[in-house]
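Next comes just one chain, in structure tokens: the form predicted alone.
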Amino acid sequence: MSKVLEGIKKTATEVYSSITKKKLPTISMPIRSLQNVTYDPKEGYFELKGKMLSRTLTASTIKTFAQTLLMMNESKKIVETDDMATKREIYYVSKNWGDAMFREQPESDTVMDDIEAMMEVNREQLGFAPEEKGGDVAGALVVIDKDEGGKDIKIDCTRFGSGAYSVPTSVEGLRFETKANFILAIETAGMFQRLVKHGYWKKANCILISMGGVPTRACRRFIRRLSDEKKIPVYVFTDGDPYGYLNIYRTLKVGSGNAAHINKYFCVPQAKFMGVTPQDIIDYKLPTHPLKDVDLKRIKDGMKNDPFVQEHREWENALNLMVKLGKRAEQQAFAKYNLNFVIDKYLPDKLKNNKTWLP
């Protein structure tokens, strides 16, 4: 917490000092994009190169400049009182800022991301909580949390019936008990529910986690902490399409350009891809959908601009094969054979042969 308060005080002091010297104040922050990241497989995540964006107080930047300082002030008050505010609440707090108020929440979210990058902390440390759901968990895991009185609560993820444990927005205080062989992170809620209903986690002695698309920060941090602390591998099962590869899996494994300043906390470098590959489409004769223009653009961008893809020839080859096929396939495509083909055949085959996986 002191790092946040010290950073806010330092920025405010510099701005005040410039104004008293009749100079235009400037605040700087890292550029948040793939063009400003490097990828070293030994480190395992995207890191910032160091290119900075400077925002100087001028007639054209005065509103954003004021919004940045006002949001930092809100963060200071929240941290000092050990409180919290959701991203949506901060948007409404700004309605008291007169001409500096945000018109739409995306404006508020962007300024929040700028401050996060500038301070090199995550938004939770600033006192800002996301509204997004953290992910669902089922299987061979006991989560140890605290009740409102600070006493330990043991939450057994095997005892939710057809439901699941929901990852909280903050996972730093959690502890874990497990003898699972691996964590299986799953893209779709539908596939997760199928695996839960038929007790796949019992058959494979694993922990199932539903990412629900691109995993939230809380979900990524939960997987990272669980894997690190219990020394268990992480396998990822997504659709066979560019979004599943370059948005969902890539974000979980190495992070994103937009959040490069905190990737080292939220990514899961040890993750391996055992989802639907272009070669699986051929080998299993899966029903497919044609690639859309957005898919082809995502592949082209990945090949040209994504340091992760460029580092791993296996991913380049897979994406080239997908373009050659002109097709993509969903997790549910295996239902062509029978509803539980994934449980009875596909996942067991994958676990036996890691040569079919991607890095």
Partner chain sequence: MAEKEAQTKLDAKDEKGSDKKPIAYELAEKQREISIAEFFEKNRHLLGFDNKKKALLTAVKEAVDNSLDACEEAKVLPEISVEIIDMKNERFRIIIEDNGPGIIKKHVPNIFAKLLYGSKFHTMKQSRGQQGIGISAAALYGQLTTGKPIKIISRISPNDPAYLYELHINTQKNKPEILREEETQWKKDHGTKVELEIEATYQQGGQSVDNYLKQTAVVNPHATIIYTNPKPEQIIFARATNELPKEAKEIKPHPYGVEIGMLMKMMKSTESRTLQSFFSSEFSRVSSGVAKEICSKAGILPTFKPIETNRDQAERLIRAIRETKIIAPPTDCISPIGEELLQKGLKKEINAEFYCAVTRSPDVYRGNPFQVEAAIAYGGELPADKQVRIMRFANRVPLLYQQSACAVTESITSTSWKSYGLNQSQDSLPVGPAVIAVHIASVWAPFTSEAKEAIAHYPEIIKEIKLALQECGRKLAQYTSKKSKYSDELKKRGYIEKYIPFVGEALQSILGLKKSDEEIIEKILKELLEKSRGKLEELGEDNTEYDEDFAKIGKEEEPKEKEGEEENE
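Positions refer to the first chain, counted from 1. Values in this document were obtained by computation on a predicted structure and should not be read as measured data.
Beyond the structure shown, there is the form predicted in complex with its partner chain, which is absent from this document and is the topic of what follows.
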query: Its partner chain in the predicted complex: contacted by all of Tyr16, Leu70 and Gly98, heavy atom 4.5 Å; finding: yes
query: Partner-facing stretch of 307 to 315, 327 to 335, 60 to 68, 31 to 39, counted where any non-hydrogen atom is within 4.5 angstroms of its partner chain in the predicted complex; finding: 60 to 68
query: is_contact(Leu24, its partner chain) in the predicted complex, heavy atom dist at most 4.5 Å; finding: yes
query: Contact of Lys87 with its partner chain in the predicted complex (heavy atom, 4.5 Å); finding: no
query: Exercise: Arg225 in contact with its partner chain in the predicted complex, heavy atom 4.5 Å; finding: no
query: Distance check, Lys76 to its partner chain in the predicted complex, heavy atom within 4.5 Å; finding: yes
query: Partner contacts in the predicted complex for 303 to 329 (non-hydrogen atom within 4.5 angstroms of its partner chain); finding: none
